[in-house]
Structure formats: C-alpha cells, structure tokens
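Take a look at the structure tokens below, where one protein chain is shown in two forms, each on its own, as structure 1 and structure 2.
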Structure 1
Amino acid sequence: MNFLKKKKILLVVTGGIASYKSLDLIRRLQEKEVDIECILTKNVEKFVNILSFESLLGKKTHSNLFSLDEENNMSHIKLANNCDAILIAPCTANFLSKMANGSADDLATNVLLASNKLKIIAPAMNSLMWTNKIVKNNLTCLKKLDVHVLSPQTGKLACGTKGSGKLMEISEIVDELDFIFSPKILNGLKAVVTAGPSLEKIDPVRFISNFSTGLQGYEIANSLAAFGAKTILISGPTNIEAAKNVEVVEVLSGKEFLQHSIGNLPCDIFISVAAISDWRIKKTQRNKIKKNNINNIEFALNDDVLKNVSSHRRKPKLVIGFSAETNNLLKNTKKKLIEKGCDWILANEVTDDNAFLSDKNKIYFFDKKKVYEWPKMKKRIVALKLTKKIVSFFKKK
C-alpha cells in the first residue's frame, strides 16, 4: 500500500552527523510519489553539500527566513501552510529543544510555529544526549503537543560508542510515515488473521506440512492494521516479518491454531488464511521411526478452525475463509462456504505460478449470493481489495 502518494511533505534537515541519510530519505519518498519541499538549517552544509539536496530534489532548498518569493509571499508562511506534514529528519538534540520551547530564530522554527499541520520528528544524537533528562523532558513536552516521535535505534554511533540514538532506518521511517497517513476507518475493531502452514510432528525429525509461505495472510493482517483495526496474526512457521502494529502469535500445529483462534474471541473480524493440515499424527513418536515401522503411523483429522469459529457462540461479526484447490475450484469452494458457515470465502487455484509459491493470487470472491472474479494481482493488492470490502461491510452495519 502507498498512502503517501501525492502527499506534500516539508522535510526539515538539521545539522548532525546523520544529515547525509536524509538524501536517501528524499529518494525513497520520491519513489512513493511524495511532493517534497526541503528546509536546511544553517549547520547542514557542514556535513552535506547543499547542491546534493538540490540536484536530488530538482529544485531549490529553503534556508533564509527573510527571503521573498516571486509573489511577495513570506516564505515561512507559505511553507507552513502548503503541506500535509512537516518531518524533521534527522532531528538533533538542539533542534528538539528549540521545538519544545517555542524558539523562532530561523526559517525552520518559524515554519513550525506558523503551522498547524502534522509534525513528525526522527531524532538522532549521542546516546548520553538521548538519555539526558532534559532531552526526555523535551520529548515528553512534544508528545503532549501531538508530535509523532520516530524513536532512534540502538547501534554503533558515529562517536564510536554503542547505544541508543542512531537515526531510525530510512526504510522504517518511510513505513512509519505510510502508516501515519493510512486511513483509520477500522478503528475500534478487532481482527484475527491466521497465516502460514501448520506443522504436524510425526517424530523428533519428521513432520507433515505444505508449501504455504504465509505471505497472503501477512499482507491481509498488515492491511487491516494500516486501516486502524487492532490486528492479531496467528502464524505458522514463516520467514516474514509483520508490520510493527500487528500482534503476532507464533504456533506450529493445527491444535495450536485452533486454541489461539478460539482464545482470541470475541473479535469483529476473523480471517482464516492459514493452510492448516487436514491431518495430524494420532500419536507422535518419541523416537525416530525406522523405515520398517512406517506402517505403525496412524492419522487423525484436525479440528476445522474456520468451522469452529463460524459455529462458536461468540462468532465474529464477519468470518472469512480461504479455499485452495487444484481442481473443481468453484464447485468445491461453494460447498465449503455452506459447510463451514462463514460469511465470505476467497478461492484460489494452486498452480506453479499462483497461490502458495507465488507473490500473486488469482481470486474468486464468494459471498452468500454471488461469485466475483478478481484479476490476478499481487497479494498485497488482494489484501487491500479485501480490506476495502471489509470497510464497506462495517459501514453498512
């Protein structure tokens, strides 16, 4: 999702050792189609050549408080009003102090005082500065004024020490901005999503599983969270990292999927995306099974998570399932919709270039009245399209 597209962001770069990283930030924001204006404080040029900023931006930067533009508008008033947000990155301890105390001794601080727009800071400083009580007090003051703080990370600092104070990774800053601008239409709703494969243990070295990567479930969880839902993701083993605002519960077996799915009721939205094995081993062996004893393995059916949630006395307002098939996709999915008692079901045919081993999905969307064919698209777009349908559902409610 790109909630930053066409947004106008005024970037204030302050003079610190991390100033050069703002060039990468500009580049990443341009990739997101953000309209950027840039103010450089007077010490920035001690770290980075101003020409580097202007070459990248394709326009002039701003630094002089008393300059007049071609229309005789005072630049600080125009800059203050003609943006969706003001981002200070990096934000030094000195500039943080100026903001907290209402200083107005240069263009950047005048713009901040003259603006009622969203304000975001990404601090970067020495670890002793970051933990200093004065800095902490300034941060507390700014948070009370609804300034978003993108907290620095722990790592090796320019001064050679290791500790907190390192500028948040540029990719993470962009992700945080994307979330800040995301529509919070699902605020107040709780969503539970299952994702990934189950792993059914046979003995200490073997298990039953499948080729699910978990990508579709993670994209759906991230999308719901971006739209404001409190999102819990119950995940089998994957190599994917969920968004920071998604609560992840790691599980292995179908039994654990069921336990945590029921345990997280009541909720408003339940989406069963996980590829949970239909079968489990009746009795897991303590020791490795030898080849000649393979016939001793007995299988048992796993409890159906989607069906259990749909029939539960605390059934969510909206229950959605996924149906992965290799043949008779529409017929089998319609049957599942009825048998499992869910409200909607998304059918996807498992092929070499679709579903499990792909970053794309070809979906047939079933509700209780009709089937809708969706074009093949990235799983991220499938997640966004489904989220928008969920938004419409709750608007009608």
Structure 2
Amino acid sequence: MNFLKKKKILLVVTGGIASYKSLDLIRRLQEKEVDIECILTKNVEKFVNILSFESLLGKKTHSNLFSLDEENNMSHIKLANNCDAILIAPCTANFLSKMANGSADDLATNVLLASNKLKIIAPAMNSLMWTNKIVKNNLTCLKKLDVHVLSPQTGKLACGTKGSGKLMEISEIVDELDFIFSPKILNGLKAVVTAGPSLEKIDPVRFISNFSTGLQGYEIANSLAAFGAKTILISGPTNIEAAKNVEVVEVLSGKEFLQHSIGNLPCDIFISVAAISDWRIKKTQRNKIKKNNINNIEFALNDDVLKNVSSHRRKPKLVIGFSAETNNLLKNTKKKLIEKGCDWILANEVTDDNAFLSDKNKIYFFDKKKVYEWPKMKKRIVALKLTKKIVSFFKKK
C-alpha cells in the first residue's frame, strides 16, 4: 500500500551539514513514485553540488527568485501551489526562524508565504541550537500555525557531540509522509484500543502495576484514527497525550478495563495492547496494612479482557492481542492465540531495550496460519504497519 504514489511534493532543501541526506530522501520518494519539484536555498551549494540534485531528479532545481528564465518556466506562485505539500528537509535553524517570522528574502521563503498547502519541516542542527529558547519559540509558533514538525532524533552529530538535533532517519521521514497522506480508508469503522498499565489497589497507599508506558497502544489508536476509524482508547495511567480525534477513557484496574471494553461493544476492531495485571487483590484493605501484616494480602485472578471480548456474542470483526513475554516468546504466544480466541497476536519480547520502556518494538506477528518476523521499528511505525494490515483485512471483506 503506497499512499504517496502520484503525490506532488515540493521539497525545500536548506543549507546545513545534513543537506546531503536529502539526496537519499529524493531517491526514496522517487521509489514511492512521488512527483518532486525541488527548491534549494543559496547556501545548499556550500554543502552539496547542485548537479547531484539535478542528476538525481532528472530536471532543474529552483533557487533564484529574480531569474526571468526561472519565472517563465515555473513562476514562484505556481511552485507554491502546484503541489500537495511542501516539505523542508533538512530545515536549518535559520530557515525555521525565517518561516516563523514570515521573511520573504529568497525563493523558498516567498514560495512558503504564497502557499496555502500543508507544510512539513524536518529540522536538523547542533543540539545547543536545537535546545536554544529562540529556536524553541520559533518551533512553537510554527506548530501553532499548523506546520507539521518531524522532530529530530538523538544521536551522534556532525560536530562530534552526542545529543538531540539529528535529522530524522530518511526512512522514517518517508513513513511519516505515508501517515500524513493516509486516506480515510477506515471511515465508518469503530475501533477500540486498550493501552498502558493497570493499577490494582492493595490498600489506600499501595498498588500493583507494571512498567508499561502505553506508547504502543497510543500510537495504534492515533494511527487508526488517522485512517478514519472512530477510535476509543481505554487507557491506564500514562503521561502521553492521544491525538485530538481519539476518544480517551481513563481507567485504573483490570476490572475497569474489562467493563469499558465490553461496554464499547459492538465495534469492528478491538486491539488489546494494555498490560493488564493477571492478578488483583482479593480484598482491597480499607486501612493501610501494617508492615508486619504482609500475610493479609491475598491475590485473585483478574478476568481476561481479550478472552472475554473474543468469546463475546458481539465479537468484533477483528480481535487483536499483544503478548509480552520474557522467555519462550513464540511458544507461549502460539498457545495464547488459541486460548484467547483472537484473530491476530503481536508478540514482543520484554528486554531492557524492547517493549515496555523503549520507543522501539521488535514484533512477531501471528495470524492463525503463520508467524511473520518484523524488523525492530519505532512504535509509531509498528502502528502504521499494523494499520495497513487492518486496512487490507477490511478491503478483502
């Protein structure tokens, strides 16, 4: 599924150490059959030979505001609006400031001011620049103006230091564009997603919980909503904000997760991502338990939300579970798929840098016939890949 096919993107490249990476970006967009026009700021040529851009593109780039030839060929007003979106990658601190302040002193800034199209920026700069308050203010200002920001990553920077400000990976920029151009294919479908940890009260001051951050479930809910599904997110305590078009129901205990999951049936898609405690306290104590009375704590099994939804008379058309294990991941997941009666399970191994406390996830995707190994990806990209599978499922129906 290629949502970028035949899209017209006006790529603005600005002059920084990461300018050369936009050559790879052009190549990747061409693979996706994107129609690209390219503006280079004057300073780009200090970093990359313009011939490299023009050879790759197979056509001229644009950079001169005051050239009659260029204006006759493609006026800056036409460049500004003859596209689906304008992508500035990499975007320098200087250009970010010019955008935020409405400067119009070269071709790129004039085009931006004269365009009513979606604008996307992928900033890249030294980490001190990136964390500078002036840059932050400019960024806040652009976000308020609905400019879509592809945030830089943390990593080794060209100046030799390690920190934030590194251009988002090119493959991730392409994935993010896929998100931005996602058609509302799931319109008319209702999705329910659970996310985050549960919290089982022991007494007024203590509880049992786990290390789930909720990120994977939030990304899946955001992705389904971006594709047009009416999305309800039943969430345990997290400090993440869901997209505006996701309806969030805040819960604490496993019992509440179950109550709201069943309460939201019927739905078309149910995805159980939450790490709901297998156990709860048989009887929550009214008063704080004294430290020597540990034997007073008795456990009971929580009802299994996924199993309950799968076996419900109003079973959703597609029920998907997650399986988090520290050992025997594949064997245990296969067993779960049968026991819980769901359609698909995504298995993720809990290690120090995978699943719970990481923004990346390595997934084994199980349907009833096969297991597919997915490469380790950002949770946002896992969400996109899963959403695309869901889209295919409903297309076949």
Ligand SMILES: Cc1cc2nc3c(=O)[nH]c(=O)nc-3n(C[C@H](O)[C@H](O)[C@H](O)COP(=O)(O)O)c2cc1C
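Being a predicted model, the structure only gives us computed values, none of them experimental. By convention here, residues take numbers in order along the sequence of structure 1, the first being 1. We call the rigid core the largest set of C-alpha positions that still match within 1.5 Å between the two forms.
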Next item on the list: Quick one: identify the form predicted together with this ligand, either 1 or 2.
Entry: 2
Check: Treating the chain as two rigid parts, how many degrees does the smaller one rotate relative to the bigger one between structures 1 and 2?
Finding: 69
Notebook entry, point to check: Once you lay the two forms on top of each other by their rigid core, how far has the C-alpha of residue 7 moved between structures 1 and 2, in Å?
Noted result: 6.3
Checklist line | Core-fitted comparison between structures 1 and 2 - CA shift at residue 138, Å | finding: 30.1
